[in-house]
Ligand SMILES: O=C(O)CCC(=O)C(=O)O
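Okay, so here's just one chain, in structure tokens, the form predicted on its own.
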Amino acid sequence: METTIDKTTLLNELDAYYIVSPEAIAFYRQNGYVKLKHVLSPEVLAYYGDILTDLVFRLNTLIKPMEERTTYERAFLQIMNLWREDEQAKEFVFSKRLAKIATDLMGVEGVRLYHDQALYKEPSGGITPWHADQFYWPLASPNTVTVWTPLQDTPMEMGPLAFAEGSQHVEIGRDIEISDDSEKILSDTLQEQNFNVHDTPFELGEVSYHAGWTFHRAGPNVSDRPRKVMTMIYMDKDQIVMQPRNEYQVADHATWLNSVPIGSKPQSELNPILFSY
């Protein structure tokens, strides 16, 4: 007999506050990331996971065979701003629970959405090379954070996210796009500078938050099922848009920030405030 899911219960959970411990906040600020257990229930992940997965496969345009893809293309199927495609995806992306955690970790008054992205690493999908996200973003302040939400348990063979602890504090590799080169250069540099790399599985309901300048990577997916992950990128609600420094930031300024004037706050309907004290 099928159990009917009470939608109100799921929506209440997405808005219910999760209390971030002072220890978790201190850990995040020192190391540039934190992993938190039991943030979302299996019910929420199953319900919204199905909706997000349907959208990913409906909207995906990358159909080349794996052997014909670039390293970046082999890493994952990447679909952006699902919240603008589907009302139920929007419920998940606009979760106050997840946005409040981001606010508390950064110690800001509130957060706006930069954009969301689904990252699906297919079976036989390759590595995600070392990189820092904020290389791509024309944002002046380092007060940016991504929540990485696996929609299933993610053992090592599926390629969970790994973090170089404390790497957000050093100005290395901030001009390198994600590529084979970034994997080699950053891997060597992080090793030379003795950064500890935290690389562990994710339980169902466990999520991570990592700062925009924290270096991270993921291994290949050698399992027989896709590694399904939903991410939301948050920025301080008082973030300032800066002059783009590379071609990617030029594109991001137009696509995710609606070309708002340089020096102003992101304030278009693309960048709603998701939580504020």
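Just so we're clear, the structure is a prediction, and the values are computed from it rather than from any experiment. One rule holds for the numbers: they count along the sequence shown, beginning at 1.
We do not show the form predicted together with this ligand, though everything after this point is about it.
J.: Please check if residue 218 has a heavy atom lying within 4.5 Å of any heavy atom of this ligand in the predicted bound form.
T.: Yes, residue 218 is a contact residue.
J.: So in the predicted bound form, does residue 136 come within 4.5 Å of this ligand, heavy atom to heavy atom?
T.: Because no heavy atom of residue 136 falls inside 4.5 Å of this ligand in the predicted bound form, the answer is no.
J.: State yes or no: in the predicted bound form, is some non-hydrogen atom of residue 128 no more than 4.5 angstroms from a non-hydrogen atom of this ligand?
T.: Looking in the predicted bound form, residue contacts with this ligand include residue 128, since a heavy atom lies within 4.5 Å.
J.: How about residue 161 - does it come within 4.5 Å of this ligand in the predicted bound form, if we only consider non-hydrogen atoms?
T.: Yes, contact at 4.5 Å.
J.: Using heavy atoms only and a 4.5 Å cut-off, determine which of 94, 195, 148, 202 is in contact with this ligand in the predicted bound form.
T.: Answer to the contact question: 148.
J.: Only one of 231, 249, 239, 31 has a non-hydrogen atom within 4.5 angstroms of this ligand in the predicted bound form; which is it?
T.: Of 231, 249, 239, 31, the residue with a heavy atom within 4.5 Å of this ligand in the predicted bound form is 231.
J.: 35, 99 and 112: each with a heavy atom within 4.5 Å of this ligand in the predicted bound form?
T.: Verified in the predicted bound form; spot residues all out of contact, no.
J.: Taking the partner as it appears in the predicted bound form, which of 56 to 64, 208 to 216, 41 to 49, 241 to 249 has residues with heavy atoms within 4.5 Å of this ligand?
T.: This holds for exactly one stretch, 208 to 216.
J.: Counting only heavy atoms, which residues in 63 to 99 are within 4.5 Å of this ligand in the predicted bound form?
T.: Residue within 4.5 Å: 76 only.
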